[in-house]
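Below sits a lone chain in structure tokens, taken as the form predicted on its own.
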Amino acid sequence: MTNKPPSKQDQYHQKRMQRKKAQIDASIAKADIEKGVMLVVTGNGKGKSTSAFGMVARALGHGLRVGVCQFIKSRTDTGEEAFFRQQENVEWHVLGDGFTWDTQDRQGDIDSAKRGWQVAETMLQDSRFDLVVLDELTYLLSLDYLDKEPVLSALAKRPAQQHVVVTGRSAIVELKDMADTVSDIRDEKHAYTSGIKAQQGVDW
């Protein structure tokens, strides 16, 4: 039994993939800087915090130490917290009083933000943390709960190899300019707008 010669389509695919591999290999070889990166995950779509917690799982898989600061949010019954608090290399803090439309207390939210930021700032000065997640930090800046200059300064002065993930809607321009990677997540479709309630294990 003889093997069939590759079709023209197969030959074209192989040549295209060879060119693609050469381009990718060249890009990988060129990216040789070793440093802690800052990622901003923003936008109105669902999945910003979920993306950050995926990075937490990835970091833990490599034996890295992780710090998580959750601003705005106050609930402590989420699946991610229940799971990650069991992991040895995670320090997790819920630092908010609840969403602003629930608290309806701007000064109280500001006071909470300032207390929470003290915890985050300590992590950003500690080289033992390989990854720090600042969940919903964008709101504290876009709503002027915190002065942006000290926050940006702390992010800039963090240990050289420390990675940071910032999540939340409406990330300010300065935060995005500072970041190494910015993802803007948008909804194409969302179950909530169809009247489907938030689901355990999917939404919280």
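The shown structure was predicted, so the numbers you read here are calculated from the model rather than taken from an experiment. We number the residues from 1 along the sequence you see.
Another form exists, predicted together with a further copy of the same chain; not displayed. Remarks below refer to it.
> Taking a further copy of the same chain as it sits in the model of the complex, is R65 in contact with it (heavy atom to heavy atom, 4.5 Å or less)?
Result no; R65 lies far from a further copy of the same chain in the model of the complex.
> Given that a further copy of the same chain is not shown alongside this chain, does K35 nevertheless sit within 4.5 Å of it in the model of the complex, heavy atom to heavy atom?
Yes, contact at 4.5 Å.
> So in the model of the complex, does any heavy atom of S153 sit within 4.5 Å of a further copy of the same chain?
No, no contact at 4.5 Å.
> Using the partner position in the model of the complex, report whether S127 sits within 4.5 Å of a further copy of the same chain, counting heavy atoms only.
Heavy-atom contact with a further copy of the same chain at 4.5 Å: absent for S127.
> Need the contact residues for 45 to 83: heavy atom within 4.5 Å of a further copy of the same chain in the model of the complex, sequence order, or none if there are none.
The stretch 45 to 83, when checked against a further copy of the same chain in the model of the complex, contributes G45, K46, G47, T50, S51, F53, G54, M55, A57, R58, A59, L60, G61, H62, L64, D77, T78, G79, E80, A82, F83 at the 4.5 Å heavy-atom cut-off.
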